[in-house]
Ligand code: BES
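So this first bit is one chain, no partners, the form predicted on its own, shown in structure tokens.
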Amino acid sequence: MFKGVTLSSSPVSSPAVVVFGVLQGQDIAEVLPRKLAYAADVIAASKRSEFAAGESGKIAEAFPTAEGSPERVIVLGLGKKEKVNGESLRSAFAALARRLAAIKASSAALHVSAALDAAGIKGDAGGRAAGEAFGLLSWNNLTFKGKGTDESRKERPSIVLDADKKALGKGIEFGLRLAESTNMCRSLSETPPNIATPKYIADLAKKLAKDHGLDFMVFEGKDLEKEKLTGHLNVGKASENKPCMIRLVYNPEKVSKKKSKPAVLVGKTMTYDTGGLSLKVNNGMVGMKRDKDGGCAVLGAMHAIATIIKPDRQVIAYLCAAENSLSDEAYRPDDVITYRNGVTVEVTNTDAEGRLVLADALAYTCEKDDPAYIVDLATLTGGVIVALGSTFAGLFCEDDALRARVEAAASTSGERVWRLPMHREYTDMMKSPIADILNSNPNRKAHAGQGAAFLASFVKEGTPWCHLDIAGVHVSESDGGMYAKGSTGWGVRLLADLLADA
């Protein structure tokens, strides 16, 4: 939508558009500055029947003629007072952003604080919603457009935003920066597999570390063998693009005594998934460039953690990067893999590969890092899409305190999660007749739960752990709201909010 979005450091003298926010049923006069020269025009616009008196996301426009008036005034509906929250505000501000982009507005003064105050919403929270909406709409998926299309040459406007109160401006700035981290994730997600190989991901992580003071390490080749990271070795061995496990560490200037143990983030980073010898059929491979989106989200979150969140706890991230391909070197159904923690896995389906590489990181971090908690993100199962669609990510977490914190972060970020059960019966479904566990039970019952049960075998007992299955939420199938069609960057903002509480 936008080429760039910035927040003005001082009031814009002559904004192209002035925006007033109003609650549904609220008298527009309550939110207008006193003795506003063009108040009558704004009031008239707000009473137009199609505006529905402040319904969330609805817009009315006026073109005042009084001397000194802006060329255009927009009245933005923020919805019913009792229903205004971060999610509804993001939606409303996204509608505003789309309208401003359509008219190619170069600047907009946001007078929404009065309506936010009336709804009991703090200015920084409302501003964050606006910043995220505008920032996420500044992302585009045109990187790989060439000379064969005019789309990449279409002019996109840049816009300067002006906030009517300091708290609102502070929130906008935060939201814009958080959107920047999310957009980094989205761009990486959309990068095709002939470019975004495991090495490419590692190089990108290395640059991120150098630019923002993170520690960087990559396990590849003989290092994978030395550390017994057998999931990576087996899943990735059929590809000429060799696997690696990437480790990033954020070290705070001062660690809180109560937070001496690190938080650990783990991301499934399958740069492409053919299914291996259990080959995906028909068009099942299309879109598998996004099977790395768990790792993309973790990388985006580390950018946010290092640049804007800066928690007082060490944060360690693992990106489990491999390409699941085919060759005479490919691992097979019936193979048995032994992990560093001693657990043996019978491979029954080479298309259940993500959990095999995640198992390496989970076992490694439990042994080496003694984490305060672990959160992993993975496009793990089609079963979670059947269960929850594209509305919620599946949340598996048996630790009450960690689950509450993840749910609180999800509420703040608007990235919705829904708790799914873990039960001994699901664990029993993963038992192997010849090894400890199967990587996939052909019985499709509780498919998402099977994946979580498998991963649980690699988490040390007593370590708080949360598994987020993001297979249904990591991509938007249409252009609408804050998102263009394509990657959503799901998880970056949730993880940032989780670590803001450390």
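Throughout, we count residues from 1 along the sequence that is shown. Everything quoted here is computed from the prediction, not taken from an experiment.
The same protein also has a form predicted together with this ligand, omitted here; what follows describes it.
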Check, residue by residue, if T379, I385 and H447 all come within 4.5 Å of this ligand in the predicted complex, counting heavy atoms only.
-> yes
Can you pick the one in E323, E353, D360, D293 that has a heavy atom within 4.5 Å of this ligand in the predicted complex?
-> E353
With a 4.5 Å heavy atom cut-off, would you call K268 a contact of this ligand in the predicted complex?
-> yes
Indicate whether V343 is a 4.5 Å heavy atom neighbour of this ligand in the predicted complex.
-> no
This ligand contact in the predicted complex: Q26, any heavy atom under 4.5 Å | no
4.5 Å heavy atom contact, N349 and this ligand in the predicted complex | yes
Options 410-418, 360-368, 232-240, 284-292; stretch whose heavy atom lies within 4.5 Å of this ligand in the predicted complex = 284-292
Residues from 460-484 in contact with this ligand (non-hydrogen atom within 4.5 Å) in the predicted complex | A471, H474
